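The chain below stands alone and is given in structure tokens; this is the form predicted alone.
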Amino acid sequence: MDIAEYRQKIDTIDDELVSLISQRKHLSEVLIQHKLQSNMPVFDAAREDAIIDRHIQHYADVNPVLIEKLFHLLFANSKRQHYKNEHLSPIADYINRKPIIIAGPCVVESDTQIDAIATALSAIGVKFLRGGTFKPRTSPTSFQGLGDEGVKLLATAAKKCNMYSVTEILEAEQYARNSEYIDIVQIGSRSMTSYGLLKSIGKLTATDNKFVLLKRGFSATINEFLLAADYILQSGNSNVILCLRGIRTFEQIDSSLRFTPDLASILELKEKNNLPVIFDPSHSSGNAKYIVPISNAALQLGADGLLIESHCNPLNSLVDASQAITPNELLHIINL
């Protein structure tokens, strides 16, 4: 056979492959409906693992990583489709609109501060209000956030302005105590490899399918990042948002940037999975003057949105003052 004939056979196989995936999707939807009618759990992590193991053992000539990735994508797609059809929330509706803009101060400092920033951000169309409440700081003597009180202040400010709250948690118990006040749960870069936390949050948020924003560890590979997301996905929650926030490289020896912006990773993540991918220009640069051009680059490369630190008076911010921008500066990014 010549090259054209080989290509024709491959094209035929590709068509059959996609057709089979479509058939599998249809059968999966029918099965889900039967389970719902029988009041049975919709998803079964043990069965998913058994399917993967069976195919890895049966097809020894195929890379097991490829088989695992393929089935995880199939399972995740079924879950996302189920929740899209059955549990579409206003938050999910806004997440589906691009770009996703999540903005707010690095830390909730007081009711006056968070109310002011919420009002200003809402006025320019931002729907997601972020604010640190449990802060993982390098030094134990640094300001650690207001904790439970901060979560409530953030939620109150968000509700007043018809926004949704986004905050980081460090321990499952913190979320369990405050779940009614947190609309999107953030897992920070320092916690990306806390696999017990990822499992717990996956299970706790699976009941209402609340969105979990997972940030890449600043020394993590792309594969490690995706596997961390799998801990949440396989615990029953398909609503995961991936956030790139810069990585630590040799450039930090003499660079004016806080981290190296991992912009090219947007392309790779978009190729490897169907989860939303957003970019954090604030932590990746550490300098307010770089945020607009880096945000522009991220959106041009296909990022689904941005996570940006914004403060009404950046110079007076208790944490990370150098990388916060004002709502007016943020407006320039929204209008890109």
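The shown structure was predicted, so the numbers you read here are calculated from the model rather than taken from an experiment. One-based numbering along the sequence shown.
There is another form of this protein, the form predicted together with a small molecule, and it is not shown here; the text below is about that form.
Among residues of the shown chain, K127 is not one whose heavy atoms approach the small molecule to within 4.5 Å in the predicted complex. Interface residue remark: G147 is not counted as part of the site for the small molecule in the predicted complex, having no heavy atom within 4.5 Å. In the predicted complex, at least one heavy atom of Q186 sits within 4.5 Å of the small molecule.
Of the heavy atoms in P99, none are within 4.5 Å of the small molecule in the predicted complex. Proximity to the small molecule in the predicted complex, taken as a non-hydrogen atom within 4.5 angstroms, holds for one residue of R190, K210, K152, K199, which is R190.
From the list 127 to 135, 67 to 75, 227 to 235, 114 to 122, the contact stretch for the small molecule in the predicted complex under a 4.5 Å heavy atom rule is 127 to 135.
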